[in-house]
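The chain that follows stands alone, in the form predicted on its own, written as structure tokens.
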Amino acid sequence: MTRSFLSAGLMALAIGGIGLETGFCQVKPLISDVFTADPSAHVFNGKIYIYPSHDIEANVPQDDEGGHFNMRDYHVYSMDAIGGKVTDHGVALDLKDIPWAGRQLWAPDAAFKNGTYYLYFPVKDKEDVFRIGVATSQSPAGPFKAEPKPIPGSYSIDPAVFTDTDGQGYMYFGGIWGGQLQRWHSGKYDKSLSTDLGKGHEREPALSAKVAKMSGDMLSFAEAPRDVQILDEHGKPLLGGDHDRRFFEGAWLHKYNGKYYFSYSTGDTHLLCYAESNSPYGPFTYKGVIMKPVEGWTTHHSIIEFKGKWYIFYHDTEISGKTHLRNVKVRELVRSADGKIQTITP
């Protein structure tokens, strides 16, 4: 963010650090005493709870596999109001307390059903393959107790669990490059597949995120994961070479006026985009960019409704200036009358 462009008049439009989508505005990090990223926000019991990654300085060289993102635990945060105090509820889950885990606790998500709170998390197993685990608690703030094994049939990263108005849960997941999604292209794990974006693949349909209906107890899949297909304006699948629109990682789903909005990161082009469907399974039609690139390599978000307004939680690297030491932010999400999301320039 270029602070020199912030006039006193525009700064007066900021409430509690949240910009009102008019001109330039100051958006302050929500948490500044530790580094946080990949914020998954939910409204539980009238409060906002945030489930982010907890970035640390692990002294691992940066690479396209994300080895320098070597996180070891999760904290849970809560807010009574946008712009209000953010409460740190401490460590909700630690790597050492997950029996099957090896390393790298990446972006989590949470859900609630029948009196139980669920924390979903990707972590590499003892063989360095990303799987998705689940932990439970009687409190949205944790602590959470991990199940002894990962979710059967799960793989890759970035779980996002959406609960529809009928109470049915769905998990969306996947991420390429370091997220290993491309290595499952054949249905079995193939370590030799490092990327789907190389020469010769530009005109092929892009790799898709996955979606699976959750079981009644929210601890497993009720079906085999399916592709989340994203189509262009002509009804054709987006291609691998379409770097500005195709899925890379960071899936999220929300529902607005009866339509399902699938949003995601394009990864190496650093955009947050979205597509619409009449079904949680899709196919989804690409609609546009939610947010232009933030400061830092990665971009990851969540979208919630709170007290009649919609908000997007995201991260950048304002505090540290380092790719792997990020800070969480929030700002209002604005739509036009037809539901189109207005593009944010952070």
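All values derive from a computational prediction rather than experimental measurement. Heads up: residue numbers just count along the shown sequence, starting at 1.
What follows is about the form predicted in complex with a small molecule, which we do not show.
Interface residue remark: E249 is counted as part of the site for the small molecule in the model of the complex, having a heavy atom within 4.5 Å.
Using a 4.5 angstroms limit between non-hydrogen atoms, S40 is distant from the small molecule in the model of the complex. By the criterion of a heavy atom within 4.5 Å, F35 is excluded from the residues contacting the small molecule in the model of the complex. Among residues of the shown chain, L119 is not one whose heavy atoms approach the small molecule to within 4.5 Å in the model of the complex.
Heavy atoms within 4.5 Å of the small molecule in the model of the complex map, among the stretches 27-35, 56-64, 297-305, 283-291, onto 297-305 alone.
Between the small molecule and the residues Y172, Y155, Y274, W106, the one pair within 4.5 Å by heavy atoms in the model of the complex involves W106.
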